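Only one chain is included here, represented as structure tokens and corresponding to the form predicted alone.
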Amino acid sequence: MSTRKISLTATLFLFIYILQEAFITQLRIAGGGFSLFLIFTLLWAALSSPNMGALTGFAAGLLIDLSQSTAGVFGQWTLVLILIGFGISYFGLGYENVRLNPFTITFLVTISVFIARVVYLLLSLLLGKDLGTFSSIATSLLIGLLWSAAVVPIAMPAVARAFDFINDSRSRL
């Protein structure tokens, strides 16, 4: 990987992370809202190879673990995003229709955001963290799923263009 790709990708990830931390977490959105950084990360991983998907998950998980708004154990988001990033990119690589059909990639990323949140909650339960009532968790997951389904189609063209620009490839979406 060239220095240009690494520096542009790192700069873009840091920009989205700062936007998430400084602006989006401050919004009072019904049901807890959404994580633009998580959506961006999984869109990026879906367009990447499995190795880059896992690396993307590692870098993004590390940033989320460093966040002030994350209350979990350090490394928990890193583990979750390595697994989900690798999985979504592996599925996208094996099934080329994912990269060619915007509806399919929207569905895949939305479900992946939901699965990432569920895996994070299950790991939190295994680590003995108090999560709240079942109804509040279910409501938060459902509303997060709906927000993700609304935000992914809006973010997808910008992420695909940035991915193609950084990787010197033609648009697939």
Partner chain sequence: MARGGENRGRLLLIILIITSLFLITLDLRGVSLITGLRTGTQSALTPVQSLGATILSPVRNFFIDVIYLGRTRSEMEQLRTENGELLSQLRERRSIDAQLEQLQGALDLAGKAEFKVLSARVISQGATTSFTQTITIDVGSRNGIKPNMTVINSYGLIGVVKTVYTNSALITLASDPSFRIGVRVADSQQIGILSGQGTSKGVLQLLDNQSTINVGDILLARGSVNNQPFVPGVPVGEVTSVDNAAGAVTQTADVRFFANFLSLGIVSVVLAAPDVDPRDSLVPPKPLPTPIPTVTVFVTPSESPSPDSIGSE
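Predicted model, so just to flag it, every value in this text is computed and none were measured. Positions refer to the first chain, counted from 1.
FYI, the form predicted together with its partner chain isn't displayed, but the following is about it.
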Problem set entry | Heavy atom within 4.5 Å of its partner chain in the predicted bound form - residue from 106, 35, 48, 112 | 35
Exercise. Is residue 17 close enough to its partner chain in the predicted bound form to count, meaning some heavy atom within 4.5 Å?
Worked result: yes
For this session: Determine whether any heavy atom of residue 146 comes within 4.5 Å of a heavy atom of its partner chain in the predicted bound form, and answer yes or no.
Result: no
For this session: Although its partner chain is absent from this view, report whether residue 22 comes within 4.5 Å of it in the predicted bound form, heavy atoms only.
Result: yes
Exercise. Does any heavy atom of residue 125 come within 4.5 Å of a heavy atom of its partner chain in the predicted bound form?
Worked result: no
Exercise. Though the partner is not shown here, which residues of 122 to 141 have a heavy atom within 4.5 Å of its partner chain in the predicted bound form?
Worked result: 127, 129, 130, 131, 132, 133, 136, 137, 140, 141
